[in-house]
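Here's a solo chain for you in structure tokens, the form predicted alone.
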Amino acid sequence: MKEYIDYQLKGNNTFGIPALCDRFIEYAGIDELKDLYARKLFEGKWMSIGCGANLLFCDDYHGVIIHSVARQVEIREENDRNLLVRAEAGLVLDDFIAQAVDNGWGGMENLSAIPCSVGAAPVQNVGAYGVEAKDVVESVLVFDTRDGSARTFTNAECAFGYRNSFFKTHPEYVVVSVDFRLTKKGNWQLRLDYGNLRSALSPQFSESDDALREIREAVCRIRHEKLPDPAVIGSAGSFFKNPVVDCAVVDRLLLDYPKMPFYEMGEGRKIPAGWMIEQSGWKGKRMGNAGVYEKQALVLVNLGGASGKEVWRLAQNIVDSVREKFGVEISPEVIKVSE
């Protein structure tokens, strides 16, 4: 365990926004969480972060931030069709997916290049190209900071929703590790028909030994073409959730926007927020040192020296514009951290 006082968080959020926290603690596993509980750390103000890819710091954080550095991967069960793999919370999700693809374990390849940790994946129910964390998460081991106990949540108990889960509103539970149910060749369930994924694959694509690798490479290529590299331009990827609205709302909008894209979503329909933001004239625009990425209107960027407040102000202006133009409310996927 390592502890730092008055820690600078600029390198711990993908927006690259400077902010201080009173204490920053790196821990490795559940035993060290129990030690922090014994020290009564969780009785004060605290939060847990992974890669900081879904956070917007608008103020310094006057409390303790804990960060897992546990990154082990372990096969828990295995048969001819699938296997149960446990990954610790501190592992970068994309590193785990790369390992899975190298081993021929299917199910997560569509989630490649999402900037987050394994621990954040079930909290956010991350998703891309027709796959969500809920599709592969078998269970989640958590630490209850209220009483110092460990508990395993089944998939159903995680209450997964669109970019949501039970843990999103219950931060008292810290994710320790995640068990993923992955498939072996012959049992892969490849999902290729979301967005432009299939067209990004080679015409010769087939469910061969290299299928998972080809899908992963295509997903990474698409994401890198549309999204900025946080090491170069600070961002948190998709800033807004795609709103799910009643079918009647879509029917109304199609009268004025017959080419509006949408996707069936249970009893409702999902409209791409990026499309509405672009139609509202925000793509490539800037306010101060914050802006909307020129290649993808769903992405807000730090153009250099932006504060969290600047980014949030831009976001609120975009929300207002979309509401005024379409009568649809879009909401941030990114979590605002402020006093």
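Predicted, not measured: the structure shown is a model, and the values here were computed from it. One-based numbering along the sequence shown.
Although it is not shown, the form predicted together with a small molecule is what the next lines describe.
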property: Whether 127, 194 and 272 all lie within 4.5 angstroms of the small molecule in the model of the complex by heavy atom; result: yes
property: Proximity of residue 118 to the small molecule in the model of the complex, heavy atoms at 4.5 Å; result: no
property: Residue 236, heavy atom within 4.5 angstroms of the small molecule in the model of the complex; result: yes
property: Residue contact check: residue 252 to the small molecule in the model of the complex, 4.5 Å heavy atom; result: no
property: Distance check, residue 67 to the small molecule in the model of the complex, heavy atom within 4.5 Å; result: no
property: 33, 314, 55, 298 - the one with a heavy atom within 4.5 Å of the small molecule in the model of the complex; result: 298
property: Position in contact with the small molecule when the complex is considered in the model of the complex, options 240, 180, 105, 96, heavy atoms within 4.5 Å; result: 240
property: Contact segment among 305-313, 35-43, 55-63, 289-297, judged by heavy atoms lying within 4.5 Å of the small molecule in the model of the complex; result: 289-297
